[in-house]
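Next come structure tokens for two forms of one protein chain, structure 1 first, structure 2 second.
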Structure 1
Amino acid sequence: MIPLLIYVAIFVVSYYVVTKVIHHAARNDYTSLKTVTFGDESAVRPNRTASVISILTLFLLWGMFTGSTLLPKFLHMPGPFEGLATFDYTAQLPDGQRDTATVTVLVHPVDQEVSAPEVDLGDGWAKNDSATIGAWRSGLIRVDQNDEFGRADGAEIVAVNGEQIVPGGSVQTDFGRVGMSPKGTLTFEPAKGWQMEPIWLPAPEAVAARVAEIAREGFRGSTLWEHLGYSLFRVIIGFFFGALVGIPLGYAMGLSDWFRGWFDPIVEFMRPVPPLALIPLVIIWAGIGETGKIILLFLAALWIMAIAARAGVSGVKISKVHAAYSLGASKAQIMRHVIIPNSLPEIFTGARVAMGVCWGTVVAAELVAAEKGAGMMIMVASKFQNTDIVIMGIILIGIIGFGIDMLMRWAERILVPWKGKG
């Protein structure tokens, strides 16, 4: 909740600051002269400043809630309590006699080994106690263990810091929450603060350090580049064969009613089946090795490419074909000079979609089973609670997916500049 509020606040504040303060730097090109822009997509171009602030904000929030060392201390959200926590408990004997003692708890970072602090036992029949608990953790404290009269003697704890406590209830102290189990044992849960525990969300620098470490030393016997390279390699091979079969199939379906009739049921049936749903079957048939993965990606790309090629062929304006005929072109020439170039924009769109789907599918398939690959990395890391590797993997997968899409767009601009201009 709090992160969301901060996020919205930054959004609103930066909007006012950027649009009002940097107002004089506003555009005064043609689009700013338009008075009617609602619904005009060309008038809505992404504000680059907003993009930069948006990304910085995400990292800022990430750093704030993980106590990142990259941020000055005052920006940190309150962290978990660490150090010596104390509270008093009052025990009562069956005859109503009460005595009070102090508990000292050393709350320590979870990755440190510490020993319980030395405390004076104090006077009275209830003795002072000491214990250790890791930050973000909680633990039972058997305070009556060293008392002269314990549970066996009918002694029970009735108050903490003077406040009454019953089994199942709890008392809030300055250092955290003291609860009582149904059987009457005290539990202590040090205050957690607002920061995330590294095991849920490591700080950005921890993730960066992990990237550097894995890039240097590799992960599970392969370098980082091998893992990513394997995933990419599978996608490219699978997509290549999918396109190799899918495009001619789509052309045949667009040009011949027999092919169309024959393959329509298959294509239309396979189209809505998510490739992920094929993973179990492919594993049964081809195992978890490279073959199985490439078959899966082949299938993921095949239908998309076939449908794109089919749409490209059937989408040709009949007047273009007529024009070519009356200019004396033969059927083969029309195929080569009209139908194929006319279908290229559709095929490129299909290829972009197919690459995206393949990338998603390969990661998912590697999550299920693989020796190498980006998906395998994050799956194995998650089993060992290596959240930093999981986050690193997700970021790298995102960057590569984005890179693939950018590359396809760029190729599209270079190779089919006439797209959408017919």
Structure 2
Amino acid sequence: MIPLLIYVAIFVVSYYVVTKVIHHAARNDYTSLKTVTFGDESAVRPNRTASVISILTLFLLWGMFTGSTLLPKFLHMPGPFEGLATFDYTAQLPDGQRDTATVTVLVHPVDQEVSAPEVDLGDGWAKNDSATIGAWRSGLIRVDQNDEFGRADGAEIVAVNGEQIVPGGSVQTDFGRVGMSPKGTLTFEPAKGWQMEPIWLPAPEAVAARVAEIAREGFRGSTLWEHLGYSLFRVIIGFFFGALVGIPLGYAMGLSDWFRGWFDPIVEFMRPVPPLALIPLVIIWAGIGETGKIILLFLAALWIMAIAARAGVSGVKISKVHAAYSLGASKAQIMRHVIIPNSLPEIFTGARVAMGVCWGTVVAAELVAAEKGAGMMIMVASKFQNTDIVIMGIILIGIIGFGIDMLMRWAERILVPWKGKG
């Protein structure tokens, strides 16, 4: 909840400063001269300043909640407690006699091995104790082990820091939470703060260091570029064959009522089926090798490309077809000069969607018996809780996917310059 509130606050402040102050004073482009912009799609362009601030905000939140050394300490969220924690416990004998002792706990970084601090046992029958617990962890504290009277003698703990405690209950202290198990044993959980433990979310610099390490030394016998290259190769091959079959199928469905009636139930049935649901069937049919992975990606792209091509044909203005017929054009000429050019924008949109789906599917496909690939890296790293490698893989997959989309947008602008121009 706290990260969301911070994110919303940065968004609101950035929006006001950039749009109401900076851009309001500096804008003099063509769009700013329009009398009506709301609802005009041509007036909406990505605000690059907003994009930069958005990315920096995500990294800022990431660093704040991981204690990143890239940020000054005053921007860090409260971290876990480390140091000496103390609390008192009161034990009671069956005859009502009570005694109080102090427990000293050394809370240390989880990657360090330390010894329990030495303490004076005290004069009463309840003796002072010491223990060690790693930050973000919790542990049992057997305070009766060195007491003169323990649980075997009927002694039981009745209070912590003067507050009554019962089995299953807890008491909050300045250093963390002291709880009691159902059997009456004390547990201590140091305050965790708001920062994430590195095993769950490492800092940005830790992920960057891991990227440099794997780029230099490789991962499981292959370089980083080989892993990413194999994933990209599988996506391109699967998408190519999916488009090779899907586009003609979509054209046939858009131009022939027989083809539409024959294939429409199949396409509409398969379209909502997620590619991941097909993995078991593909493994049974094609095995766990490269063929099965490419077939899965082929199926992921096929239905999307077929629907995109069908929509492209259906979206051709009939007035253009009539005009071509009136000029004596044949069906082949109408196909070449009217239908294909006017359906290409829809096909490119479908291709961008299909590539995104294929790129997301390849990661899941590589979770099954793959020796190389981005998905394989993520799967192996997750088994050993190497979260930095998992996040590294996710970031690289996102960057490559974004690059593919940008490349296809560029190709669309070059190959279909008439898009949106009537």
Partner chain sequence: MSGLAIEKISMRFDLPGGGSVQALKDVSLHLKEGELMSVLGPSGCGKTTLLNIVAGFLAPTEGQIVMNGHTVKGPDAERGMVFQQGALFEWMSVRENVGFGPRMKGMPKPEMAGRVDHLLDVVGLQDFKDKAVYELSGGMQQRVALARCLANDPDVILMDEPLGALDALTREKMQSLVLKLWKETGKTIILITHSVEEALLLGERLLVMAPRPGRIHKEYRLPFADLGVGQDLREVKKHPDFAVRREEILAMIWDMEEEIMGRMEGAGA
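Note that the rigid core is defined as the largest set of C-alphas that superpose within 1.5 Å between two forms. Residue numbering: structure 1 sequence, from 1. These figures come from a predicted structure and were not determined experimentally.
Only structure 1 is derived from the form predicted in complex with the partner chain. Fitting the two forms on the rigid core leaves the C-alpha of L61 displaced by under 2 angstroms between structures 1 and 2. Once both forms are fitted on their rigid core, the CA atom of H76 lies less than 2 Å apart between structures 1 and 2. Once you line up the core between structures 1 and 2, the Cα of A209 stays within less than 2 Å of where it was. Superposing the two forms on their core, we find that the Cα atom of V313 is displaced by 7.4 Å between structures 1 and 2. In this core superposition, Y325 moves its Cα by 9.1 Å between structures 1 and 2.
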